[in-house]
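Here's a solo chain for you in structure tokens, the form predicted alone.
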Amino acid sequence: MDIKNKYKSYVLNTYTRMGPVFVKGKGSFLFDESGSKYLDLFPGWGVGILGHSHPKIAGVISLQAKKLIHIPNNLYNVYQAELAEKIIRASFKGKVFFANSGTEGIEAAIKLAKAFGRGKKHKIIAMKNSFHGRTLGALSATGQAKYQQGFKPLVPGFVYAKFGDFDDFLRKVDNKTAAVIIEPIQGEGGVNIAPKEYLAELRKYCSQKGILLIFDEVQTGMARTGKMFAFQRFGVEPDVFVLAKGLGAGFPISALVVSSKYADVFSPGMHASTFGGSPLACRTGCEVFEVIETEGILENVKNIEKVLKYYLSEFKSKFSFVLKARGVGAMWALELSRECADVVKKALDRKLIINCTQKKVLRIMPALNIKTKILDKGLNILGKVLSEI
């Protein structure tokens, strides 16, 4: 039985799968069973910020796996403390809780907001068109009905405001509001960028009213926008933010980062994660920081931004069905007037991997260390695909 038939026989059908069977990755390229080479401009759904199998990341995973993989969180391990320090030094004074995925980090943030409310305030304002994860709490915070169908009743207490509309936020807030959760850039929602002024208004209001401001930086964190964290690009500091995806550059890890003012809301026994913060995961995260700092990743994101802005703006000018080109750093989208699933398929046929979200939005999020000449090659392929439509 070949691999695809084994999927049909043994793997739950929760994904619409496509393409060949991949067996190897190197940098911005994937290789299938036959040895064919694919240029990946959406590595690991935004996880692969350093491309596939970066030698330093692969090296520390191998080294640490031979030394110590896992111990429980009631014991100390070196790299959990080291990684927490790196995150705090790169962001703001506070403390960190480690888990394994973005949705787990969001669940921790939701629980923190509930604990902060102390039973008196329990509502959380989320944004329409947002995406925060697939577990029940994160799903309840996700402002898209299509993901919630079939899973109701959801966790109560969530209210949805229009993204970027401060007046609508004011209409939704009340004296039971404990927190606001927002992606500074909605990723799955179509690479929608929050106005700086809007985030600044939220920050000011939340400070005045004693409401937690939570940023979901699962996708935008770890240099994706040209700053280590997106809130630094917007100049608005949240009380809490969540990291995942790029934090392990392919290895599962997430982090809830809480400012000093709220770092004592959780006490022992209030939250936990069996696998969160393992020596293996945290040493990997430490190495990700090291690579970002020593290999000029932030500077390279500036180059990526220039290239993507140029090509995608050209596509908008050239093709009438391209309505908008938008993005920052290495996080960009083309909004089309038509559905784009076939564009992704045609690109894959040409050995280029990109993503379609919201049915009509092409999403491009390359590795942050991609060479501009390789990015040029991929975008030229995309241009040929668009010209065929």
Ligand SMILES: Cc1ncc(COP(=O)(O)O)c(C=O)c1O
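Source: prediction; values computed, not measured. In this text, residue numbers run from 1 along the sequence as written.
Here the subject shifts to the form predicted in complex with the ligand, a form of this protein not shown in this document.
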Practice problem: Would you point out which of 97-105, 165-173, 285-293, 149-157 contains residues with a non-hydrogen atom within 4.5 Å of the ligand in the predicted bound form? | Solution: 97-105
Quiz item: With the partner left out of view, is Phe131 within 4.5 angstroms of the ligand in the predicted bound form by any non-hydrogen atom?
Solution: yes
Exercise. Decide whether Val218 counts as a contact residue for the ligand in the predicted bound form under a heavy atom distance cut-off of 4.5 Å.
Key: yes
Quiz item: Quick one: is Arg224 in contact with the ligand in the predicted bound form, heavy atoms, 4.5 Å cut-off?
Solution: no
Exercise. Would you check, heavy atoms only and a 4.5 Å threshold, whether Asp239 touches the ligand in the predicted bound form?
Key: no
Quiz prompt | Residues of 178-215 having any heavy atom within 4.5 Å of the ligand in the predicted bound form, listed in sequence order | solution = Glu183
